[in-house]
Every structure is written in C-alpha cells, then in structure tokens.
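Only one chain is shown below, in structure tokens, and it's the form predicted alone.
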Amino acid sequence: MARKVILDVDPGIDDAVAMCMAMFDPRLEVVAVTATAGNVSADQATRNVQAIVEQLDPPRWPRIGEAREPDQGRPVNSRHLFGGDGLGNSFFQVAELHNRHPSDKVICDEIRAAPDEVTLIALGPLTNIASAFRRDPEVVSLVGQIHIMGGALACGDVTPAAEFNMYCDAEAARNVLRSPTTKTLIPLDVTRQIVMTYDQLDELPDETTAVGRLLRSILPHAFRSYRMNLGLEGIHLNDAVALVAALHPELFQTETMAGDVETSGELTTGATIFDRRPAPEWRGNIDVAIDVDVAGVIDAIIRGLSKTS
C-alpha cells in the first residue's frame, strides 16, 4: 500500500526535482503539495507548484495549497541560483484557479482524513506546518512523521550559522522542532555531500517525456548559476536528497539529538542548536542524519527520475 505524503515546498529547482520523483513513485501517494514562501515569494511559490503539476500531469493530481507570507519571515530568496521565477526563468503559464485553499488548511484536512498515516516531507521553510499546528492543535498528535530538509550541524549557507530554510522563518522552525511529533532532520552537512554533475543529465528521461522536458528546461540554469555564484561544477539537490531519506532510510546514518532553533541574535538567528554535551540537559526530540551513502543516494535520484518515463 502506497504511503500517503504531503510535499511542503518552495520551488526552487531542487524542489521541482523532488516533486518529479515523488509524484511518479508507486510507493507514494502524494495527497497534496503545499506551497510555502522561501526560494521565491508566496505568490510565486504557489504558481510554481501549480506549474510543475501541470507540466508533469501525473497519474494522480494532488491537492495544491496556497502559500501565505510568514508573519515572522525574513526577506531572503534564492533567485541568484534558481532564476527570477525560481524555475530557471522558465516562466511557465498556468491555468487560473479559483477557490484556492491555504496550505495550512490543506495540511490539516489531509492529516485529519488519514490520522497517523500521512508523512509530511518539508522541503522549504516550516511556516505552513507551524501554522497548521496553530490552526488545529490536535493535528500534532495525528501526524505520522515529518521529514525536514534543513538546519546544519557545522555551518550554514545563508549566514555562517544558519541554513536557509531555518533562517527564513526561525519562529516556525522552533515551533515544529519543539512539537511532540516524530521528526527526522536532513541537514546541509549531509545534503551537500551529494553533487549532481552535468554529464548526469544524459541519464535522465529525454524530452519525449513530461519529466524530461521539465528537467531539461530548469536544470541547465542551475548548473550555470552554481558555477557563476559558487564556483562549483555540479549542483546540490538538497530537497531530492531529503526525499530519498524518506524512501531509503537505510542509506542514511541518523542519531537522536536534542535540537532547537535560535530565533534572535545578531549572528545566530536561524541557527540549529543541538545539545551534544557529554551530559546533555535537553531531551532528545529529533533524529538527525549525520552520514550518508553518497553513491547510493545519487543512484536513487537517477533511478527515481528515470522511472517516471
């Protein structure tokens, strides 16, 4: 029986790759894709989710949740890497939808419809999940589990201390990490070990398939941006790695830790803090990936995308 999942995304090229993998994987039933502000604005994130679903035309269309700008959000984005629209300046046309539902409502609806069965895969800032927990506090006890791409053990990316998703809405991140839910964190320390090279584009579906057309529209921009802005000859697919962690936990080594998120501080806002003292005072609240089978994850991503054709 396929596992019910909600993808909470801020597309973002790597979010789009994860969506391609998830919506055609027979092991998953993607009941909803909820948009959140992060790599792009709330309006653009919602538009991008709809555009990706329309471009892919998957066997089962998920519900789409509309993003709202976070109350405590910080004004950052990833347009320098992903383009003005977040999808490599593709600017896909989308149908005009009426009666859109906010992402937090969609999350609550789907979890209540299948208590303890829904896995939340959070690939952007945690705004929607924290908002869903405020909207319907009982949902906290009904979530199956949460897989989170975010945080860092060693150093951040948007600041020396903070990873992008946590920094964008640190208050929401703190609320989710402190919630009594089953959580797994896939931090930068692990995701940045996975590098996709340009020649691996040849291993992806060709342009006769919907996935192939979409990937070949957006990935070349990412390769150019990583080279120009970061001096790298490959790209990090952080969100695809987090999806693989949900599908293939055997490829990851995890450790239960006591984690929190800093919400203030001139240098540390958004930093993920872990009590790793010999005699920690905090109680363990999250499983954190600390190592990864790099070759295995790359193979899982390539195979996951190839199965969509």
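When you see a residue number, it is the position in the sequence shown, counting from 1. Here the structure is a predicted model, which is why all the values come from computation and not from measurement.
Not on display, but discussed next: the form predicted together with alpha-D-ribofuranose.
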### Contacting member of 170, 123, 111, 190, with respect to alpha-D-ribofuranose in the predicted complex [4.5 Å, heavy atom]
123
### Query
Does the 4.5 Å heavy atom contact test between residue 39 and alpha-D-ribofuranose in the predicted complex come out positive?
yes
### Any non-hydrogen atom of residue 129 within 4.5 angstroms of alpha-D-ribofuranose in the predicted complex
no
### Query
Quick one: does residue 104 come within 4.5 Å of alpha-D-ribofuranose in the predicted complex, counting heavy atoms only?
no
### Query
So in the predicted complex, does any heavy atom of residue 136 sit within 4.5 Å of alpha-D-ribofuranose?
no
## Note on the structure
Of 204-212, 157-165, 171-179, 87-95, the segment with heavy atoms within 4.5 Å of alpha-D-ribofuranose in the predicted complex is residues 157-165
#### Entry: Any residue of 235-249 that, in the predicted complex, places a heavy atom within 4.5 Å of alpha-D-ribofuranose
238, 239
